[in-house]
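One chain comes next, on its own, written as structure tokens: the form predicted on its own.
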């Protein structure tokens, strides 16, 4: 069974619609795919209909921005109730932070000599509720200021570059509690990728696990072989689920093809068991796994 538990559509910063993403997952030979757009469930309904049409099992989720000790930490929330008041309120703050920094980012880029406007970025965003740096990056690529998204981030959008602006992110421990309270299962995305590497160790994982953290994403393109081996050991030491995934974004992110990393079936079973347990404890009307 081929299982990919982390993908993005154009409901956030991917380049395919939710329906097209599900169809591509089927074409790539995936049996199970999770849609995990940033900070929003906006693509769930479209992806659900497509999954039923093509015969792929769909796990509904989202990737949520959090912060721990000054570093960005991303959480994958599987099968939470998006209508949960506490979770919904915090997601609203995160999305507002995404929107609020756009004007400042564009102003800084213009101060750096780049001809770019807020209107151009919003056109790139389309109807996605989650405005992110990849949308700005796509405009920079289209206008010849960068070769691709990766180049745009390196030159213009990462911390320490001319266009970087920080934004609101929920404390990680609090978000783990919110996801769990909304009946979902929290998994830390790419824990040793990007800025989260310096703040995530065994003690930190145990701290988050005490709040409800279910697992960590071990097999990810941001992790080399040594990282994966050590993360597997840490997960086993304290009993965390180990997932694997592509972090697919379509044309916007190279070397993250659907199915390039996979989750083992027994790990998916444990993840879904944890989600079911949290759902029962919360009493929330959580989404079900969409099965063919």
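Numbering follows the first chain given and starts at 1. The structure displayed is predicted, hence computed values, not measured ones.
Keep in mind that the form predicted in complex with a small molecule is missing from the display, and what follows is about it.
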Among 227 to 235, 49 to 57, 263 to 271, 248 to 256, the region lying within 4.5 Å of the small molecule in the predicted complex by heavy atom distance = 248 to 256
So in the predicted complex, does residue 220 come within 4.5 Å of the small molecule, heavy atom to heavy atom?
-> no
Verify the contact flag for residue 197: yes if a non-hydrogen atom of it lies within 4.5 Å of a non-hydrogen atom of the small molecule in the predicted complex, no if not.
-> no
If you check in the predicted complex, is residue 153 within 4.5 Å of the small molecule, heavy atoms only?
-> yes
is_contact(residue 134, the small molecule) in the predicted complex, heavy atom dist at most 4.5 Å | yes
